[in-house]
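Shown below, as structure tokens, is a lone chain in the form predicted alone; questions about how it binds or moves come after it.
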Amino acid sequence: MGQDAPTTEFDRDVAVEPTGEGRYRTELSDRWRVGGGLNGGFQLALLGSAIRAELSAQPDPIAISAYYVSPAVAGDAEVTVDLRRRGRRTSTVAAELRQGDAVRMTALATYGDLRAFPDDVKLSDEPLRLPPREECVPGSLAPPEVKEMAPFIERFELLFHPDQVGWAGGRPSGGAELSGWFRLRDDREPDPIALLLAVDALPPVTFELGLPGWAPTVELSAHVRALPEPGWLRVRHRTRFVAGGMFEEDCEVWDAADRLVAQSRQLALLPQ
């Protein structure tokens, strides 16, 4: 949609068409389905794409918190973007994804231009280390039932840490961590919008706890910390507490230059 046709699958699927007064039309693709709805990270990236279109001078998500009201499905949809504050360095908007009369997701987001921020990432922890990609396990080897439940995993390349794939063979380790290498199809390089997908691209960490199945997100907050360098991303999901039928999932995303480029925390329902 728009004057320049997107050249990659991801960009086509998060494209939006302005219809006036902060409204954007889009077509949600079933390619991003997981369980009973579309992947939460994809929805977040779609919303992020519409906000970027509305705030062209401040194109990058800095912080975004989204509440998933009802499962999004394939078909026509509309995103509304309501400017709440326009600032010199950052601006804040409220945004909503709707299908007909149903609200699918509502979010509050702060945007800016990451090129204008200091590029001085300092760490109190070591960057995520993974085995070489040739020693990791491709997501394409996931069991057929996982592929049927989550066809969205075909939309990107995912190489799992070999010590964290027991769930794929019915022998989960009981560990509370999943990690791997991540890259979009079509050699699409990472950018801040793609990072919004990456924070929710891995299977739920509950898989390795012996709790497979769709884990619907209740709320997800993402922070984009820096513009990512081209190349593969490294992603890690961890949880500490499973209680009340829900679990928290913390994510960190590292780029090819060993820089922390995104973080997130979500609250999700345990698989049924």
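So that there is no doubt, residue numbering starts at 1 and follows the sequence shown. Everything numeric here is computed off the predicted structure, so don't read it as measured data.
Note that the form predicted together with a further copy of the same chain isn't included here; everything after this is about it.
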Checklist line | Contact residue in the predicted bound form, from Leu38, Ala215, Leu209, Ala45 (heavy atom within 4.5 Å of a further copy of the same chain) | finding: Leu209
Check: So in the predicted bound form, does any heavy atom of Ser221 sit within 4.5 Å of a further copy of the same chain?
Finding: yes
Item checked: Close approach of Tyr67 to a further copy of the same chain in the predicted bound form, 4.5 Å, heavy atom -> yes
Notebook entry, point to check: Is Glu248 a contact residue for a further copy of the same chain in the predicted bound form, using a 4.5 Å heavy atom cut-off?
Noted result: yes
Check: Given that the partner is absent here, does Arg84 sit within 4.5 Å of a further copy of the same chain in the predicted bound form, heavy atoms only?
Finding: yes
Next item on the list: Just one of 92-100, 195-203, 144-152, 163-171 has residues with a heavy atom within 4.5 Å of a further copy of the same chain in the predicted bound form, so point it out.
Entry: 92-100
Check: Counting only heavy atoms, which residues in 243-272 are within 4.5 Å of a further copy of the same chain in the predicted bound form?
Finding: Ala243, Gly244, Gly245, Met246, Phe247, Glu248, Asp250, Glu252, Trp254, Arg259, Leu260, Gln263, Ser264, Arg265, Gln266, Leu267, Leu269, Leu270, Gln272
